[in-house]
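Only one chain is included here, represented as structure tokens and corresponding to the form predicted on its own.
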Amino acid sequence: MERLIRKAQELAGRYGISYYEIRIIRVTASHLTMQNGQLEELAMNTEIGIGVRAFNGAWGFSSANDMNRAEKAVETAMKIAKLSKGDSRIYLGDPIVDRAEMRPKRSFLDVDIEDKLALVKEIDLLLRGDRVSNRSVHYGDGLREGFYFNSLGSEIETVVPRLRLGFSVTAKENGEMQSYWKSFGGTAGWELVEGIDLGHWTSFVREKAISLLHAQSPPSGEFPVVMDPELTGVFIHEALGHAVEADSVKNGDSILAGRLGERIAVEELTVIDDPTLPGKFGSYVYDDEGMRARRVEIIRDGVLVDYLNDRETSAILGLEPNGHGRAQGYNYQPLVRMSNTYVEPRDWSFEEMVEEVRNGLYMIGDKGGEVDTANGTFTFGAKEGYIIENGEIKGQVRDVALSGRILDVLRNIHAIGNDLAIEFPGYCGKGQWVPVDDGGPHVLTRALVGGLR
């Protein structure tokens, strides 16, 4: 490693490079997938690679999955940066020398692959039942060991374990099909699996899929809507979170560009992105630019107070860097990304919120959707919904979607619950996939409701 550091210094002098950073990443991972009792994937892999960025007013980037080509990757990145000759700026700051390890209670590397396969088989068996036409189980873990150094003198070692387990059921009857699913995940070890009540959750998923076969179609129009913590999380991640990623702001692709300090929501709303939350799926100690991760208040008491940024956007926008430059792997350049994004709880109980609604809906879970951060509009599907009439929860509805204008929904919030949950792990796509989590309490607002079909 000392040789590579000296070589990088020598090449930077030769090509006139003012700043460079080098990431060496090793990931040891296992993945298992079972579909209707058939094992479709059982893989155990270790991969190591190097990613190099050099800055000369614009970035040059190169990567290699063969450490014998590490010096060549460094030289290539610097050649590209020299040829690019941009006029951008980046935040530099002080060098950091540190070692940070997230230690699980029980490493998944110490668990035999036979035990992981037994887990997947057990879940598959538990998911079986009448009217179940399809069962799927996914298990994945990975230990990411990273060494980062840059031209400022930073040298940072990190060790981050991640584990995710998910399963789904599709129920079928009289030509109708409905699906339901559940995922668990975190920066954790095998103890996460040991803490799951598999009997409860497999039964829950199966019975939800079956009950949706007989659910009603939703009404359409603008209604009061109570969002459950999972739907609150996906709304705040997709509709608000992407709009405050500072590369979107810099590029003019966000309705929130130039609005720092402006009240954009009700006074009761505070929104956080926090990669330092212990054990959450989107947590980390240092980002992929060697910046210490830190909690960011995006909205405080209804006022937009910060963007998520990286070295480049913080310099261009004149903001404090906050450690949100993340890359999918060594062979990707860091981009501005979220981590664990959530709405802070207030003091309403779920029951009090429902009592407020004369004619509306209770919507649960995340079924995917679309957001346009430039125009400020969104559409998300929910796993399921329920009609609320005169303060009481009535019949179940299916294939239900929520849509509207982001700022209208934030300003129409009537109540924020006291039941915070941040336990909806997933992967966020933005040309690259990174692990994230999101959540919040129950939230009562107004939005457009309609069917997905």
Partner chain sequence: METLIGILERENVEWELYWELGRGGSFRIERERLDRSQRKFHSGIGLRIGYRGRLGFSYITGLNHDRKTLEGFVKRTIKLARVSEVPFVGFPSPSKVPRVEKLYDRRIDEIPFEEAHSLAEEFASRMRELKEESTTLSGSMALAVSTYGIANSNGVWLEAKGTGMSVSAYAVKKDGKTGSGSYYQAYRSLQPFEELETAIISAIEEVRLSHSAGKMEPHSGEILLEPEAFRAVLGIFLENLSGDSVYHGRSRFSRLGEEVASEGLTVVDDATVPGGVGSFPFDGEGNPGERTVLVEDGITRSFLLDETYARFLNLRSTGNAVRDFRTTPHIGTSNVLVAPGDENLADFNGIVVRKVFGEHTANPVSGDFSLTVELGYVVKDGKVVPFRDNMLVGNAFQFLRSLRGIGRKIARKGSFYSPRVLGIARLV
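Positions refer to the first chain, counted from 1. None of the values given here were measured: they were computed from a predicted structure.
A second form of this protein, the form predicted in complex with its partner chain, is not displayed here; the remarks below concern that form.
*Asks:* Would you classify residue 26 as touching its partner chain in the model of the complex, given a 4.5 Å non-hydrogen atom cut-off?
*Replies:* Heavy-atom contact with its partner chain at 4.5 Å: absent for residue 26.
*Asks:* Might residue 250 be said to contact its partner chain in the model of the complex, defining contact as any heavy atom within 4.5 Å?
*Replies:* Contact with its partner chain, yes.
*Asks:* Please check if residue 8 has a heavy atom lying within 4.5 Å of any heavy atom of its partner chain in the model of the complex.
*Replies:* No, residue 8 sits far enough from its partner chain in the model of the complex that none of its heavy atoms falls within 4.5 Å.
*Asks:* Please check if residue 220 has a heavy atom lying within 4.5 Å of any heavy atom of its partner chain in the model of the complex.
*Replies:* Result yes; residue 220 sits at the interface with its partner chain in the model of the complex.
*Asks:* 158-166, 265-273, 334-342, 143-151: which one contacts its partner chain in the model of the complex at 4.5 Å, heavy atom to heavy atom?
*Replies:* Among the candidates, contact is made by 334-342.
*Asks:* If the criterion is a non-hydrogen atom within 4.5 angstroms, does every one of 58, 80 and 369 touch its partner chain in the model of the complex?
*Replies:* Every residue of the spot touches its partner chain in the model of the complex.
*Asks:* Please tell me which of 421, 413, 48, 387 lies within 4.5 Å of its partner chain in the model of the complex, judged by heavy atoms.
*Replies:* Selected residue: 48.
*Asks:* Work out which of 228, 312, 287, 245 lies within 4.5 Å of its partner chain in the model of the complex, going by heavy atoms.
*Replies:* Selected residue: 312.
*Asks:* Go through 174-189 residue by residue and record those having a heavy atom within 4.5 Å of its partner chain in the model of the complex; state none if no residue qualifies.
*Replies:* Going through 174-189 in order - heavy atoms within 4.5 Å of its partner chain in the model of the complex - the hits are 175, 177, 178, 179.
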